[in-house]
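This document starts with two versions of one protein chain, written out as structure tokens and named structure 1 and structure 2.
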Structure 1
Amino acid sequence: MQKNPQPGRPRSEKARTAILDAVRETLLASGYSGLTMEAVASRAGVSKATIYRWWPTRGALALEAAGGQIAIGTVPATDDPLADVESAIDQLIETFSRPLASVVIFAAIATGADDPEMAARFRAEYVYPWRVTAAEAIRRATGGEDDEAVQFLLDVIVGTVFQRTLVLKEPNTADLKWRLMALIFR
């Protein structure tokens, strides 16, 4: 027999969905710089106040709207550690190739300059899970490197893939995985 946990009109799921859809459409159509609150409100048929009631900044909005697209998948632990590392690299490349990824990841990194909190949240929510499981795979594949060495290899992988796919927009990702594997494991 619980108390009314929240009196009043409940949050409109319809508005929430319309807003997040509008954010995705706007990001794809106009990029992060075109993601204005007014544009989102207008496209979603929603009042600006409703957006601000639930998301403090457009960064938070973009992050939540694109969440499903930018979360890097975790790496399973099979009994073939090399295959697991391969799989970690695949996850990374695949995520970075998604339509919204480039837009939102750039924004997250660039906004990080002004707003470290958002950058931290981005990493914690969307990168960290992959990082932990990928680290485990590398540790096993390399036969027990110390943590610093593993973290370094993760940075090599992330940095290189980021550079190739997002900064240089190199479309050919086929040999990227093999080159990285060869580099790391002799």
Structure 2
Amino acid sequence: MQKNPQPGRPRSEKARTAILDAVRETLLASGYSGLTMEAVASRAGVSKATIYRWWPTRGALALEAAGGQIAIGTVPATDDPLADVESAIDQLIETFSRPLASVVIFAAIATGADDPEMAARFRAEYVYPWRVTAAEAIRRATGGEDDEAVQFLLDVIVGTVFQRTLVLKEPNTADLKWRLMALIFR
């Protein structure tokens, strides 16, 4: 069975790449507040209509452009549960410390009321996969903590890493993982 062709011109990979590069450059230079379709169109050498044809909002555009940078990943399940929890914390610190990731993660959280689709997509695609596997790692490492306790520990981990990397903007993360591990496994 043959697919129906999409209306309009086919998506140009060259234009797509130029747009996503322009988004990354704009986010790093001006932050999310400086990300406008006009700025991206000008920098990428395309029309605003081209951008809107493929991305309905600047939130969708930012998430796609930064996807590789904001992807926290999932926590491996190895035969060493403590190492798995270390890995979970490392993934979070490393992701939140990336300059482009910090801009987009903060935007996804801060603009949730104005762009609920961006916030929901960020949670579904980037936060929840990590959080589910990190919870499993904590459960294995602590001998089966109840879900409420595990969720609280995750909140402490994420909140601390968020504060250090995204809010303070001068993160002191050298011993952060070990402090969090000591807190979890007291």
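For numbering, take structure 1's sequence and count from 1. Since the structure is predicted, the reported quantities are computational estimates derived from the model, not experimental observations. Heads up, when I say rigid core I mean the largest set of C-alphas that superpose within 1.5 Å between the two forms.
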The form predicted alone is shown as structure 2
Next on the checklist: On a rigid core superposition, would Glu125 pass a 2 Å threshold for CA movement between the two structures?
Outcome noted: no
- Did Asp90 shift 2 Å or more between the two structures, C-alpha, core superposed: no
Superposed on the core, the Cα displacement of Pro116 between the two structures in Å comes to 2.4
